[in-house]
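Below, in structure tokens: the form predicted on its own, a single chain.
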Amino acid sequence: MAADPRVRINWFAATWRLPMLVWQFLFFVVPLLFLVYLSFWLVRNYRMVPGFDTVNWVKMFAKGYFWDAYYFTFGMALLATVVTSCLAFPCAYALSFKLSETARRWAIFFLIIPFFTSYLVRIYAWQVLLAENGVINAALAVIGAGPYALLNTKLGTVIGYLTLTLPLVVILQTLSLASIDRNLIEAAHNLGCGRLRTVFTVIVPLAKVGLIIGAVFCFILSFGDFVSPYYLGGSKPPTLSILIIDTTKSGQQWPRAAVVAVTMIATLLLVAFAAVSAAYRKRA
């Protein structure tokens, strides 16, 4: 039977896609499958024994502290996403519409510079600033305020999340806003739209994809972060990433830690797919 002439394979494009597919398979799919498989193992006499038992899933999902950590982690990541997106939008708007293209390139370059240093080092710097006798409370003492508890608090955790995600979200939003057709904005002004109304009725809908993608990146990074809630939040209450560490230290319970990890990955995949679907959904 002759092959259907309408079915053609672009071997050139397939060749360039192959390295990415191999990378995703080796460093995402395989580790994920191993985590799922590990979650069914058993621990006997502080040693992991291969098997297939759902006892780890049943016990972890039956623990109240697991769900407390889950809801706390989800809530903190959601809060960080909202705060970061709201703070990033004015910055991205100014970079996109108030600066020249050359100045915008330099601004994006300076936003990338923080990623040249270790995230852990930046968090240690925040410890010095947020400590009870730190720089911020010392500055507040000059005007007779404070000292305030800034370290080992939820506020400290959010500040750490902002340190991790804010430059990236600003860059993503800037790239999205800069691609908007200026003629559409001028048309809105000619039709009587004020500046604020133009932002919400024209600019935000046109930049919806970039805004949502930036928020998704912020949520993913915050949801899985370990450094900020541990060093700036005091790990009380613990997030899921801290719970993984505590679980492995408790009798070498790596299978139960795998349950937590798989739950985190499943949550992030659901959030990512839902957000991307909303980003590319067209209006009826």
Partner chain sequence: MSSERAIAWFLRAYVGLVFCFVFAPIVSSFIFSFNSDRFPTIPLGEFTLHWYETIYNDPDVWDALRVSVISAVSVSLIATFIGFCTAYTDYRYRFFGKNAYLALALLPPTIPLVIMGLAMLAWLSRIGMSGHLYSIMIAHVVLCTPFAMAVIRLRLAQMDPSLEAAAWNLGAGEWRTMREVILPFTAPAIVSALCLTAAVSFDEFAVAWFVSGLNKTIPVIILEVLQGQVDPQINAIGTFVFITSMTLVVIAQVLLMTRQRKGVPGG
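Numbering follows the first chain given and starts at 1. We call the rigid core whatever largest set of C-alpha positions still superposes within 1.5 Å between the two forms. Not measured: the values here are computed from a predicted model.
The following text describes the form predicted together with its partner chain, which does not appear among the structures shown.
Asker: Please name which of the stretches 68 to 76, 202 to 210, 84 to 92, 175 to 183 has residues with heavy atoms lying within 4.5 Å of its partner chain in the predicted bound form.
Answerer: Comparing against its partner chain in the predicted bound form, the contact stretch is 84 to 92.
Asker: Just give me the single entry in Ala145, Ala149, Val135, Ala187 that has a non-hydrogen atom within 4.5 angstroms of its partner chain in the predicted bound form.
Answerer: For this set of options, the contacting one is Val135.
Asker: Does its partner chain come within 4.5 Å of any heavy atom of Ala62 in the predicted bound form?
Answerer: No, Ala62 stays farther than 4.5 Å from its partner chain in the predicted bound form.
Asker: Would you check, heavy atoms only and a 4.5 Å threshold, whether Arg122 touches its partner chain in the predicted bound form?
Answerer: Taking the distances in the predicted bound form, the answer for Arg122 is yes, it comes within 4.5 Å of its partner chain.
Asker: So, in the predicted bound form, is Leu191 in contact with its partner chain at a 4.5 angstroms heavy atom limit?
Answerer: Looking in the predicted bound form, residue contacts with its partner chain do not include Leu191, since no heavy atom lies within 4.5 Å.
Asker: Can you tell me whether Thr248 touches its partner chain? I mean in the predicted bound form, with a 4.5 angstroms heavy atom cut-off.
Answerer: Yes, contact at 4.5 Å.
Asker: Do all of Leu42, Thr54 and Val271 end up near its partner chain in the predicted bound form, with near meaning a heavy atom within 4.5 Å?
Answerer: None of them does, since no heavy atom lies within 4.5 Å of the partner.
Asker: What are the residues of 18 to 44, in order along the chain, with a heavy atom within 4.5 Å of its partner chain in the predicted bound form?
Answerer: Residues within 4.5 Å: Pro19, Met20, Leu21, Trp23, Gln24, Leu26, Phe27, Phe28, Val29, Val30, Pro31, Leu32, Phe34, Leu35, Leu38, Trp41.
Asker: Establish whether a shift of 2 Å or more occurs at the C-alpha of Phe273 between the shown form and the other one, with the two forms superposed on the rigid core.
Answerer: Superposed on the core, Phe273 moves its C-alpha less than 2 Å between the shown form and the other one.
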